[in-house]
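This document opens with one chain alone, in structure tokens, the form predicted alone.
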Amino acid sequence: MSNFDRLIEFIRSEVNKSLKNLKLPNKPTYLYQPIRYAIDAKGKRFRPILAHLSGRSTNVDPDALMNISLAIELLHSFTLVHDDIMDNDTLRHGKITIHEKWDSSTAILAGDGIYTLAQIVLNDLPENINKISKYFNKTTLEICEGQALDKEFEHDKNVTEDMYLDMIEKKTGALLGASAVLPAIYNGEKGKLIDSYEQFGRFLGKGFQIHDDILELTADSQIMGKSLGSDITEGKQTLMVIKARNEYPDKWNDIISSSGNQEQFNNICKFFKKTGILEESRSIANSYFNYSIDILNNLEGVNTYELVQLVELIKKRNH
């Protein structure tokens, strides 16, 4: 294991430990039992890891950095709990989703509670809390806009690639942008550095989401820890779906008109591979990863070596 791999594992374990040490009441169990269940999930913690590495590059106080990272991970967890309800997903991080284990009412309330915890954690920061909170809340609203667009786009055959890219920038890019830039905002950085960190995170987010859409079709569901293929059956307009619909309308209609089962899913995967759509989408994802690295390489007076390594790690992930 490399020094960088050890660093990532250390940050992940510290984030998990801090999440577990959050002082939560025991009652009412209707609220706090599912909250504990959600935040105990062994996620990849890419977003708090990104925040930590970004903060390390600008020498942010470690305690403040953990608060920022925890707030980001709690915000992410809140969005997942609610997204799982809207997308009818049954697995998350290898565990049954909250709405499936309990019910939708329980999951909605748990999500609300998790978001409130994020605000409480954030308000413990000793510096620049107004700027941090404003950016954090703007990010939350942008994520909600992205999820709204994602729902509006379902089964909409008029969605273009540009519309899709705008949607994933809001839904995924905004939070990775916040993860990258909030430590710099806390440190009082201004101007080009702030813009660069935000754009770096947003490009990384676009690459991450396109890559995630690909993994939805190519990964092992047990390794991914979530149900696969649900995006297609729910009518999600991913980059691959848009390309298939535009470039091969008749063949695509034939495939999706068949009954939604494992055979249909297999036919979709084969079709994307055979037509080159899978590889073309992977190339587009890689271009966004490369854009994010270019931004880092153009920053002066900042050691971005660890952030570049993180991009390479995300680029190669298989779950």
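Being a predicted model, the structure only gives us computed values, none of them experimental. Residue indices: 1-based, along the sequence shown.
Below, we turn to the form predicted together with a further copy of the same chain, even though it does not appear here.
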Suppose contact means a heavy atom within 4.5 Å; in the predicted complex, does that hold for all of Pro25, Tyr30 and Ala148 with a further copy of the same chain? yes
Sort through 83-91, 207-215, 179-187, 242-250 and report the only stretch with a non-hydrogen atom within 4.5 Å of a further copy of the same chain in the predicted complex. 83-91
Check each of Ile232, Leu117, Val159, Ala174 and return the one that places a heavy atom within 4.5 angstroms of a further copy of the same chain in the predicted complex. Leu117
Partner contact for Lys134 in the predicted complex: a further copy of the same chain, 4.5 angstroms, heavy atom: yes
Does Thr140 make contact with a further copy of the same chain in the predicted complex, using a 4.5 Å heavy atom cut-off? yes
Residue-level question: is Tyr164 within 4.5 Å of a further copy of the same chain in the predicted complex, judged on heavy atoms? no
In the predicted complex, is there a heavy atom of a further copy of the same chain that lies within 4.5 Å of any heavy atom of Asp112, even though the partner is absent here? yes
